[in-house]
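Shown here is one chain on its own, the form predicted on its own, set out as structure tokens.
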Amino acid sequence: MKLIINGDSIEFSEEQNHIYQLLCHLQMEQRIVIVELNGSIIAKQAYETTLLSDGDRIEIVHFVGGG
């Protein structure tokens, strides 16, 4: 399936079709992130149950420390 992630088109496996699996694929599952799916912010508790579909637009924001 084709997903638009932070403005970039990415091919993603049909078998890995939940937000949590996407975060694992991107090696971001341990980070503090905010995920927006098609304009709606998804609660962290719903990452494992929220299905992704072909053409979904996803924005992932993560925090970076520094000073």
Partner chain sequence: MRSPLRIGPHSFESRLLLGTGKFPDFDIQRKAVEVSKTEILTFAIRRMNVFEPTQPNFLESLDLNKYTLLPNTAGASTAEEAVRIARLAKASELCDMIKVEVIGDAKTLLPDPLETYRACEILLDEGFIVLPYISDDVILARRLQELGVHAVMPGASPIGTGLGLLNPHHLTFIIEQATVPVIVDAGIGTPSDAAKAMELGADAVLLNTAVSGAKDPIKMAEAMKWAVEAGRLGYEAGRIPMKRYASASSPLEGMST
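Numbering follows the first chain given and starts at 1. The shown structure was predicted, so the numbers you read here are calculated from the model rather than taken from an experiment.
Not pictured, yet referred to below: the form predicted together with its partner chain.
State yes or no: in the model of the complex, is some non-hydrogen atom of M1 no more than 4.5 angstroms from a non-hydrogen atom of its partner chain? It does not: once its partner chain is placed as it appears in the model of the complex, M1 has no heavy atom within 4.5 Å of it.
Does its partner chain come within 4.5 Å of any heavy atom of T49 in the model of the complex? Looking in the model of the complex, residue contacts with its partner chain do not include T49, since no heavy atom lies within 4.5 Å.
Would Q45 count as a contact of its partner chain in the model of the complex, using a 4.5 angstroms cut-off between non-hydrogen atoms? Heavy-atom contact with its partner chain at 4.5 Å: present for Q45.
Considering only 5-26, what residues come within 4.5 Å of its partner chain in the model of the complex, judged by heavy atoms? Sequence-ordered list: I5, N6, G7, D8, I10, L26.
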